[in-house]
Structures are given as structure tokens and as C-alpha cells.
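Starting off, we have a lone chain in the form predicted alone, written out as C-alpha cells.
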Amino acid sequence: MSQSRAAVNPCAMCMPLGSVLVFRGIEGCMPLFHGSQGCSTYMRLYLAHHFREPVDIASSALSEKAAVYGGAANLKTGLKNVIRGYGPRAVGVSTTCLAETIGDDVERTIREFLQEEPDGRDIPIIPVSTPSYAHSHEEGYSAALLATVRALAQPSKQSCKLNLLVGSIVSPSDVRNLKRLLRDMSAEFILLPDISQTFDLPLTGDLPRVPAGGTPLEEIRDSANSRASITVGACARLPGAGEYLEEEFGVPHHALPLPIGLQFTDMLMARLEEVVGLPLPESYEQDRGRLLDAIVDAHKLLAHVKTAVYGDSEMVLGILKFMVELGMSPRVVATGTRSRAFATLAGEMAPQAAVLDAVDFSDIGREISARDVELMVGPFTGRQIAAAQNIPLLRVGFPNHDRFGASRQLLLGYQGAAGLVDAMANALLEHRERIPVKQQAPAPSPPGR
């Protein structure tokens, strides 16, 4: 863990940013930040650079006056403008540092708004506390997911559906892959949050104010009646939406890691077979065999390569496990999120590695420099370390601003793992090919006649 009292270049983003990824995964939901305009502007820009999609985030536009007298009036005005201007089916309200510091009672303000404004009474408004000084974007994501289920889930008639809760930040392509898997297994399911379309829109003639797609509100309400819940990406985080559904409504919950690599994907497949009661389709057995073939093909190149992996804790644990399966030698394992569970699990997987949580990139850079790392895997935010130390960087995960294709990057499942094998091998080969070639002397002119 970092010993620094200040973060110069943190390996994590603001807590409200994570909440947007959940709210945008709900059908017709509009995110609203209760805070200054700068917060929503920054988050819109950050997400748009990653997903290459327009991202609207409303703001209550707190100013100096609101910091003294409170921001309730601003929040009510912001909610009114969002409902009238966007026509959303739901609104997710995330607090920022300013709103939390002045002590605004957001839930009370929302209750007053619903009493005062008839236009908003049929629209769910989901509040979540996300001050950036408290936690990282990962915890903001988990808090918003829990707040959504807590606000909407309602008991009624028991169903045969399976809740698949995406407990960590993944790509739209990963979500599409999970939905395809459940459909191929003929499972009735509720997947939350569903960003498969909301952050990866097809190009059409008209740009909708609120993007199509996302988990329908009716399905989130019905999640209280499902026969089971599976959370993928639930190794290193606090109890969340799945645990709430189990404690409140008796829905059995299974917490699993992100299905990255061989063993973690096998765990998900086995649990799905158990819960759904049907065997895995043959096509996925073939995908597993192709993954094994890819591992054998790249073994000579990847075995014993000294690596550093960093980023979101659940993604890092999945990639770390896969690196160990590949015979690689992880030397630095890091996340910007504070998590004892992460440190324990990563230390068990790679006892020879320096395991860092709640760290700054200055800490990560020092460890990488001291451990002769040959390959870095993680978000683009590590590019300065890679350039300074001449180490190839494979850009994986969130955020990715200086390359294209983040929305289509597939990491989960057997196909995602096979692609990761190829990407790591090619990153090493391309780095070796950059060794400068000495300029040859110009060829002599042909002899004259």
C-alpha cells in the first residue's frame, strides 16, 4: 500500500463516474450529478473518450451560494428540467464531494420534489451517495448497483429467471457475450446493468436524447422473485446487490470472479449448468478447446515473462489468474481501490509479486522499475511508465483514451481469453521488432558504359 499522503497520479477515478455506468445500463435512465457543473462536464468527457459515444449527464449546478445555503433548490430544479427535457423513465442521482461536504439530505429533497411535482411521481428517482473523497469509481459502481436494486426490486410471484449481476466494470462487448451465453443455454434471465447498447449505439439518422437499450425497469423490479442470482466480479468488493436480494427476498446468491481466463470461466459455466439445469452448448466446449490450443501455441513466448497488471481490482484479479495459468511471472499487481480482499487474493495467486492497493502510479512505477518487468497490462493511464521504462503496454480495461475499440474489447469467456493470449504475445513481438536497424550504406551506382 502507498505510504504517500497525497495522490499525484491516482490509479482510480472519481466515485460518481462509476455510478454513471450503472445508471446508463438501465432502460431510459438519465444520470444527474448533485454538484457543480464541472463534475458532470469532466465525467461526460472522460466517458466519451473511452466509449467514443456521446454521454449526457445532468447537473444540479451548485455554486458558492448553494455551498452556503444548501443545494435542495438546485436539485429540485435539476430534476424538473431533466424530466421535462429528456422524458426519462428513471433518474439516477449521484452526489459529489460538494453536496456531501455541505451535508445535503438528498433523499429528503427527492421526497419533497415528488410531493411538489406531479410530473415526477411516476418516475423512479434513485439516489446514491458517491463522494469522490470516500472511495474510487469501482465502489461508486457497486454503490449504484445496490441502490438501484434497493429502490426498485419488489416481491410478487416467484419466477424461474436467473439474475446475472455484472458486479464490475466491463465493456459493452463483454455484456453482449454474457447475454449470448445465457440465450444459448435457453435461460430466462435478468442482466443488470446492461450497457451492451447504451454505450455502443449503432449509427442511425437520429441521436436519441436517452439512448435505447438497458435493463427494463420491470425486470429490475422482478429481480426480487428470481430463483437465483449470480454476480460476476464479486471477489474483492463489499456485499452488494446480490447479497441484498438474498437477505431481503431470499434469492440465493452466488458470488463469482469475472470469467477471465480458463479456470474463472469454467467456474461460471459450471455454476450456470447447476442453476439453469442444462448442459453447456457444444459450441462453448469447442471454444474452450480453441483457448487451450492458443495457450499451447503461445507458450514458448509467454512462459516466464515478467509482467505488471494494474487497474480495476476485479479485472486485475482475473487477468492475474490467467497469467499464472499461462506460466507467466507476475511481478507487480496493483489497483487504485482500497481492498484487503484484493491484496489477500492477489498475494495467494502470485506470492512473488508486489501487491499494491489504493496506490498512485508513482508507487506502481517504482515497483515496475525495481522488478525488471517485461510486459505491462492495464488501462492507458500507465502509458507514461511504459514509455519512460521502454516496456510494452497492452491497453486493457477502463479507461482507454488513446486507442480505438474499447467498446468492442472482449475479455470475458473462452473467446475473450484466447484474444488476450494473442494480444499479449503480439505486444511482446511488436516491441522486439522496434529494435532500430542500422542504416545500410547506399548501394553503389551501376558502372557507366
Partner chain sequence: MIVNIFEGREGHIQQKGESPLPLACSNESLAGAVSQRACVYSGARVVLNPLTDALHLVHGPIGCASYTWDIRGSCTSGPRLYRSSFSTDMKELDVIFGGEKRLLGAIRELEERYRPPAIFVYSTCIVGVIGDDLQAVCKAASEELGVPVLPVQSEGFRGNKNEGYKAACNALFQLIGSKDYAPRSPYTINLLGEYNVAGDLWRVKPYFEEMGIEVLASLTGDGRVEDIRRAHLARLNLVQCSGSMTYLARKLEERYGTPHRRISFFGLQDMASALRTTAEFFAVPEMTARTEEIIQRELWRVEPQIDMIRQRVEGRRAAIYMGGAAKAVSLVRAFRELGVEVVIIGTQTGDRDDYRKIGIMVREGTVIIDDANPLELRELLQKQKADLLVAGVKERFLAYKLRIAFCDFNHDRTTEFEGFDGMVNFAREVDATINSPVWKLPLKRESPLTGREEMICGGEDVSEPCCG
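Not measured: the values here are computed from a predicted model. Numbering follows the first chain given and starts at 1.
Below: the form predicted in complex with the partner chain, not depicted.
Comment: the partner chain is not present in this chain, but in the predicted bound form one of 324, 102, 292, 182 has a heavy atom within 4.5 Å of it, namely 102. Against the partner chain in the predicted bound form, the set 114, 118 and 151 makes no contact: no member has a heavy atom within 4.5 Å. The partner chain is not shown here, and in the predicted bound form it never comes within 4.5 Å of any heavy atom of residue 426. The partner chain in the predicted bound form is not approached by residue 400, whose heavy atoms all lie more than 4.5 angstroms from it. For the chain shown alone, residue 57 is a contact residue for the partner chain in the predicted bound form, at least one non-hydrogen atom being within 4.5 angstroms. Residue 41 belongs to the set of residues with a heavy atom inside 4.5 Å of the partner chain in the predicted bound form. From the list 315-323, 295-303, 143-151, 208-216, the contact stretch for the partner chain in the predicted bound form under a 4.5 Å heavy atom rule is 208-216. In the predicted bound form, the partner chain lies within 4.5 angstroms of at least one heavy atom of each of the following residues of 359-375: 361, 362, 366, in sequence order.
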